[in-house]
Every structure is written in C-alpha cells, then in structure tokens.
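Structure 1 and structure 2 below are the same protein chain in two forms, each given by itself as structure tokens.
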Structure 1
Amino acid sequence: MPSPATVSPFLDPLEKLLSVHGTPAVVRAVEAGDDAGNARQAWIDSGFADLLMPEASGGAGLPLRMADELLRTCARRLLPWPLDATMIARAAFAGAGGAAPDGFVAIAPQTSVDADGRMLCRGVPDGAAADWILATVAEGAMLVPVREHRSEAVFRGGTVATDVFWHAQPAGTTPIPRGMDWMAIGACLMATRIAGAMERLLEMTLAHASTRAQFGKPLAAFQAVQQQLAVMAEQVAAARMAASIGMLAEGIEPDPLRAAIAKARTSEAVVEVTSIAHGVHGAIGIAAEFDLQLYTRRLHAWRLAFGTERRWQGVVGRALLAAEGPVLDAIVLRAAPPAA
C-alpha cells in the first residue's frame, strides 16, 4: 500500500503544470468556448489521469484517499477539465481489464432516455469540455462520446455545469465494465472541489481585507469584518475536513456514507462562504475581470451538482436511524480513518 509520502512527488509537477496550463486565463478561455488545445493536450499527456489505475495497467496504483490533496490543489486553480472524474473512470476500466478511455470524462448527475431513444444528461460539471460523459441509465452506466459528436449534441447552460442532449444515442457509446455508485462518487468529487476552491477563496478574501483601506485603515482592522472572516475560516476548515472524510478509501470508490457526510457539509458551507467573500470584496467581486466570480459561480454550481446538502443530510439521517448502538459511535466509526 502506498505511504502518505508517495503523494509528495506528484505535487510539485502538478503545481508546475497548473502554473502554466491552469491559470485564470486558461479557465476564462475554456469558459468562453475556446478549445485551449495546447493546455488541454498538456493535461492529457501529463499522466495525472492514470494515478488511480493499477500499476499493471501503467498507472501509479494510488487509492482514492491519496488523491485528496492533489484534487484539492486542482480545485484551488479551478482546473477547467474533469481530471478527477477521468481518474476514476480510467481506473474503473483498467481494474476490470478493459481499455481506459482517451480524453476527459465528466460524470452526469442525472440522465434520462425517452421512448424514442433521445438522451438528456442534466447539470454535467465540465460537460462542455469533456470528451465523454459517463451516464447512468436503467441498464447501467455507460460512456457517451461528446467530442466527436458535438455536431449531433445540443448544449444548454454554461460551461461550469451543462445540459447535454442527443436525439439518439451516439455511435461509440461504451458500457462501463464495473458496477459503481456514480452518484456517491460524483458527490465526493464535488465535495473535494468545493473544499479546494474555498481554501483559495479564503486566501483571496484575507488578502483583500488586509490591503483594501476604508476610512483610513484596512478592512481587516474593523471588528465586524474580523468576525466575518473568522466565520469564513471556520466554515472552510470544516469543509476541508469533511471532504477529506469523503476521500477516505483504499480503492477507487468512496464509502457512500462518507461521501454523504462530505457533500452535505461542504455544500452547506458554500452559501455562507461565498456571501462573506462578496461582502468583504464589495462590488469588485462581481466584475468579470476579477477572479472572485470565477470561484463563487463554480462553488454554487458544485453545490447543486449531485444533490445539495439537503439530499445528503437525509442520507446521513437515515443511516443514523438504521444504526445500532450509540448514535455518535455510528457516525464516528464510519467516518474515522481506516486503521493503519
């Protein structure tokens, strides 16, 4: 089993790649519909999508828990391609002895197919930038090609979360060779994204409060602002802990209850954290040229993706009601890190 130190060799090259191909300019370009070909190809060629694949298949064989910091680092920079979902999809194919898909995979939170075979995937994070969309239907999960069938697909909404519609199932649709709880996986990944993006949002807000002056002194010198920043920091810390709980898995699939805890707590934090960030920044926070809105728009989209806190709080509540013994033990024992 890889030790925690195994992750550190990947962080430096990840940061270097992000500094060149994960800048706000790249995020804006992809959001505007630009292919950002050089940056996109750099990520595909980097090998990071193979970190969860078995070593026998050419991957690094990392468990999900060891991708936690890596994926939060990507979220801090708002990486505009679904590297997280791609890592799990490729590992699922490789683990089942199949050929891993080329390009980026985005997971659809909701998929419907009508009697005439028309398919609709709703609210897909990074769906417009993906090569494949992983859709779950009654027959099971499947990969639906997007990039080579863009002329046949209808995209609605923004690039942060996109509805994708096909008049018929595209050629090249491939069944997923392994049964997995993709709703819980998506919730876990969104929780990690939320935690990483909110860490950066806190840094930006603290920096602005320290440098922006009002009535002759920095905003951070005012007690009311200090109180709001303290609440924000508390929410961000709690979200990070919850997201890490969700990622505690020795394989590539999170525990459903841990994923529920992660998504419930991180989604709950989004409204307060983004409100405080915009309150401290003032009008500049919504300016298109300012990076703050890049983060807050994505945080709200990720809060909605794969269910809000209300949905996942219900999952946790039902697990508590069904548990035997003390309620606190039921949660702590499931949420605790695995024994060494």
Structure 2
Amino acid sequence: MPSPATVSPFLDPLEKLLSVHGTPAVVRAVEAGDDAGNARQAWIDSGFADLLMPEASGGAGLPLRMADELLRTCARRLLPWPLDATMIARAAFAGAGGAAPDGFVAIAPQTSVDADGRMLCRGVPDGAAADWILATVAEGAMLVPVREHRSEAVFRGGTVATDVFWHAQPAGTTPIPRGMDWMAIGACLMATRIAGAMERLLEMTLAHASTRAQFGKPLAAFQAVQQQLAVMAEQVAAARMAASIGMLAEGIEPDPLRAAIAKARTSEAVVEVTSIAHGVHGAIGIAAEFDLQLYTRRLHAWRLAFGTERRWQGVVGRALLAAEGPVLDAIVLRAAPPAA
C-alpha cells in the first residue's frame, strides 16, 4: 500500500534485465549449482550494484529508501544473486575509502575462526552463488573470496543458505573498521526479499484460484477460499509495509529498530502466507516443475536467515522495556517515517 513519491528511473531497466536474466530457469540453474555465467555477467555489468555508492566513487548515491522498490522488484523474481547485499557492501567499502572488488557479495550472519585459523561462515544466504563473503572478524568487516581454500558448501539442506568453510584464514580485503551492524543490514534486506516474493506469491495464488475450477466453478468463487485469500492479502500488505519501514533510511544503513520491526513482522507473515498459498494451489504446488515451490522454499529460508521473528521481537521488546513511556512513543512513533 505504501507508494513511493516518485517512480525510480531505474525501475524500467531493472524490469527489462529481470525479464531476460532473472527468469525461473536462471533461478533453477543457480540453485542447482550452475554458474549461469551469461546472466551473472549481465548483472555484474549492469551497474545496479553501484546504485548506493557515493557519486564521487562512480555510484548513483541513492539512499537506502530509494532502493526499496527496486529490491522488492528483484525479490518478486527471486533474483538468485545477492544484488542487495552487494549494493550495500560496495557502498560501505567506497564510503570507508576502499573499494569492493567486482562480483557478488553475500553477508555472513555469523563468522567464527578457530585456534588453527580455520574460518567458518554459517548459514550464508546465497553463499554458494556469491564471489565474496562479507565476514565480520575482530578488525571489522572484510570480504573474503568464496572460492579460495573453500571446502564444499557444508550444508545445503534444500535451502539457498550455505555454510562456507576455509581451511586457513583466507586472504581477503582490508577490513573496514566502521561499526556497521551487518546483522541488522542483513535482516532488513531479507525483510525486503520476503515482501517482494510474497507480493508475487499472492498474484500467483489469485491467478490460480481464478483459473482452476472444481465443482463447476473457479476456486475463487468459494467463500472459504476467498476468506483465506483475503487473509493472505492482509499479511502481504503488512509485510510490505514492514519491509518499507526497514528501508526508511537516508544513508545506506537501516535504523536498527526499524530493521528489527521489518524482519520480525515479515518473518512472522511467512508461515501463514506460504501455508495459504500451498493450500489454495493443491497438489500442483508440490510439483518441482511448478514455480510455486521456488517461492515458498525461499520464504522459509529467508525467515530463518539473519534471525527469525522471535529473535527480532526480542530486540524490539528489549528496546520497549528499556524505554520509558507508552509504546506509542517508545516504539511506534520512533519507527514511523519523519513527518513530511
């Protein structure tokens, strides 16, 4: 329901690129471990990854809030590379006086280094499709090459998150010391992905309900089905608003409270939205060749990535309890956009 004041001039070219290099076939290929080299290169060459970078560094200097619709649009197509994380990482490195190397960057929610210098990044969304992993180590955030010293992706588990393991501390970029909260950034980006994928899922489910007929009429004609779809639409509207709240930032870094609200509310919606989508689709939704499962499996993965609703509800709850005064002042109005 929130409508951006102006339509981004980048939206049209983005849609065009997605229609060629963001098709379900590309999504399936990348998930299967294929490099999808052509499409991948087209995205790297497109320059979209530089949108948040300062203009002085050759970027477009967009604030995060202006990327809201663009990233939701990518999520509607399940773009299989972490363009979102790459955009923020490139801007962060440029802002810190460095430069991120070319290629896709995935943010690691967790990094651990053991006594022998072996490094493990757990549950990295799109870790297998990225060139670099942004790992938070003692000195700050650094980009480490995925393909160097890597053992295999330790855990795929039918999701798009990967554990990446290096036998020795890999040589990466110089860390950027600035204290950016990469957990909150990741959460905010996942919230936007969830919102975008859900929007598309709703459209697919509405279309299915209107075309599939049983008992001589479309499923959409049954009141029980209508009521479920209304509930789904409500949850999608709430998720979309929540994600937009998360992206309400003038710089490249989301406000931590807003990011928490965004991830908590979108993740919570995942369960009901995917369950209604599958219910209305019936058995066809379980079929691998049907696109529905591409969406619902990712929605479950993104719910988990960078923390489920319970984690972020805890963050919001602690903020509320630590504050004084009513919830309206402590949380609700703090998260609201500044008055125009």
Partner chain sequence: MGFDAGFSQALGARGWLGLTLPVEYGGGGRGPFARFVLVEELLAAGAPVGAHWIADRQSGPLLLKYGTEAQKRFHLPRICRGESFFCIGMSEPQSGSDLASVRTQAERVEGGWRLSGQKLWTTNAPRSHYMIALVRTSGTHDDRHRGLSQVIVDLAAPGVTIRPIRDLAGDAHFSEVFFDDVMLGEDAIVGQEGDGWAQVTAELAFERSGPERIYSSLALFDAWIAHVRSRAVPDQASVVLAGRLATHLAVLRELCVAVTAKLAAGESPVVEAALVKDLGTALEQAMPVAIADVIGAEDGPPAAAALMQALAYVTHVAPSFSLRGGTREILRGMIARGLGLR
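Treat the numbers as computed from the prediction; the structure is a model and nothing was measured. Whichever C-alpha set is largest while still superposing within 1.5 Å between the two forms counts as the rigid core. For numbering, take structure 1's sequence and count from 1.
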Just one of these is the form predicted on its own; is it 1 or 2?
1
Relative to the superposed rigid core, does the CA atom of Ala171 travel 2 Å or more between the two structures?
yes
